[in-house]
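Have a look below at one chain only, the form predicted on its own, in structure tokens format.
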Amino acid sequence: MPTSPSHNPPDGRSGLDFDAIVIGAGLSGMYQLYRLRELGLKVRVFEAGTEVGGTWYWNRYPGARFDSESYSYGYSFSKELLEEWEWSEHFAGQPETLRYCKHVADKFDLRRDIQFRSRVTSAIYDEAGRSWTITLEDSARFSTRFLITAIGPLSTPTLPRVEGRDDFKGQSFHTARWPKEPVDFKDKRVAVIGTGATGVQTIQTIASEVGHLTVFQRTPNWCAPLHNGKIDAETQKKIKAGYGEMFARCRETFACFIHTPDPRGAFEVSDEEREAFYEKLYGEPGFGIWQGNFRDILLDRKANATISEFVARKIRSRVKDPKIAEKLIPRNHGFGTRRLPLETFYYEVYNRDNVELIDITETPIERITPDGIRAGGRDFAFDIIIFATGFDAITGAFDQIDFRGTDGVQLRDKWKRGPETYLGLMVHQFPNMMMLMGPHTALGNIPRSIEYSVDWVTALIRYAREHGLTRLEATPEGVASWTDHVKALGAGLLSNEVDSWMTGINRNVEGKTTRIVARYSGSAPAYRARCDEVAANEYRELSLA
């Protein structure tokens, strides 16, 4: 790997333990480590788990898998890696994806700079030393010039605030904290609380294995078919031959998927053409029905109503009991305005004799008992309770760590009314701290966004080293301008008028009951163009010293 002339940065490191510390060894953290090594930096990655993988390490629940096409999800930076790795399915499952992450760690010898079982509890900026002090759960401390967070937008699971949660005598676990040992479902009475993406995947996978399954649903979600399948040898060849073209397309599309919005509006075609188009998308694999639909379905209520009614008819046709079908159809949000779960015979689960759906808006959960759940005055007995109750998204992982910047300002206090960032990458009063996949950044097809953000951060650090800079900070003017821009982009989007993790809502978390604009809603090409402009102007918009 290429290195800079000196292993030490221009200030001689002033006795610091590391040039850079990265928090998290998921896809972001692994790639950031790879790039910083190329600069010749001394880097340490702290990871709370026992293995690399991040999302794909923690989320090992039954049925966990991609909803982006596997080949569009993997890293693109290494041609050799692309050539030697073969995905077995169009939408790979968690075990295969974790194997991929381990393969990447092995191939690039990443583990020698990753410290596992090391949960970061605080990160304190030292103005005099222009450095950060990182403290772990075991009280160990380390100093570094640069701090990079790779902690993920969906990495802090939340449990329901319900009385008696710890009283249950059977097995219970959150989908994102699934046990490593196999769970035996045979003849067991199982409850699943939650019907978001993780709930959908879990429910459709275990329904045929359990003795009896009771699904507790608060908010039904619009779901569309995944249409997964194995990748045959001929298709594998086409994928490998077309990687360059596919990644180029991902760079051009709105959200870095291979799908991008149709340029037509929903009412610019006849009723027959619109219906045929929806039918086509419903029958195709992946996110096309969400990301490749008419350009106005996420902006115009009348346009959205056409796709919502189409999918509602599909649900009614797939669920035999009309009353259950109606309970599975969302009433408080339109299709695609919340994150869209992709499913494989999910709706058919409710045709099974061993499955019961409980609408907790009608039959609220009163408490968890030693033997199960009491809801609507009825006692349900269970052997296993599964909490598919989601995450404290986007800012939640930051709230778990005591980040303190200049003058002792706490990040969680600074963001109490919503995040304020510069390009989604930096925060005023937190010098030398860069965020990967933090608030106000372009998300979409996550690994495509990860690679861009990591490369931008790496280029900034390279610039700092080349110019003898030891303090990099976002200005208050830059933060205000970017935050206002992000909020303006979100105006008019139907998704920002809906309670979801994408608008910062989580009723299981204190203080997370007011909608915020937590993510960048513009196109990925526009986001990259703005970040590229900052770099091309030699980061003059930052405060550098």
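Quick note: we count residues from 1 along the sequence shown, nothing fancier. What you see is a predicted model; the values in this text were computed from it and never measured.
This next part talks about the form predicted together with a small molecule, which is not shown.
**Q** Of Ile394, Leu436, Val215, Ala388, which residue is found within 4.5 angstroms of the small molecule in the predicted bound form when only non-hydrogen atoms are counted?
**A** Exactly one residue meets the criterion: Ala388.
**Q** Between Asn304, Asn445, Asn228, Thr219, only one gets a heavy atom within 4.5 angstroms of the small molecule in the predicted bound form; which residue is that?
**A** Checked against the cut-off, the match is Thr219.
**Q** Please determine whether Arg274 contacts the small molecule in the predicted bound form, using a 4.5 Å cut-off between heavy atoms.
**A** It does not: once the small molecule is placed as it appears in the predicted bound form, Arg274 has no heavy atom within 4.5 Å of it.
**Q** Taking the small molecule as it sits in the predicted bound form, is Trp501 near enough to touch it, meaning that at least one heavy atom pair lies within 4.5 angstroms?
**A** Yes.
**Q** Decide whether Glu51 counts as a contact residue for the small molecule in the predicted bound form under a heavy atom distance cut-off of 4.5 Å.
**A** Although the small molecule is absent here, Glu51 would stay clear of it in the predicted bound form, with no heavy atoms inside 4.5 Å.
**Q** Check Arg339 for me: does it contact the small molecule in the predicted bound form (non-hydrogen atoms, 4.5 angstroms)?
**A** Answer yes; at least one heavy atom of Arg339 falls within 4.5 Å of the small molecule in the predicted bound form.
**Q** Of the listed stretches (82-90, 237-245, 195-203, 164-172), which one has a non-hydrogen atom within 4.5 Å of the small molecule in the predicted bound form?
**A** Result for this chain: 195-203.
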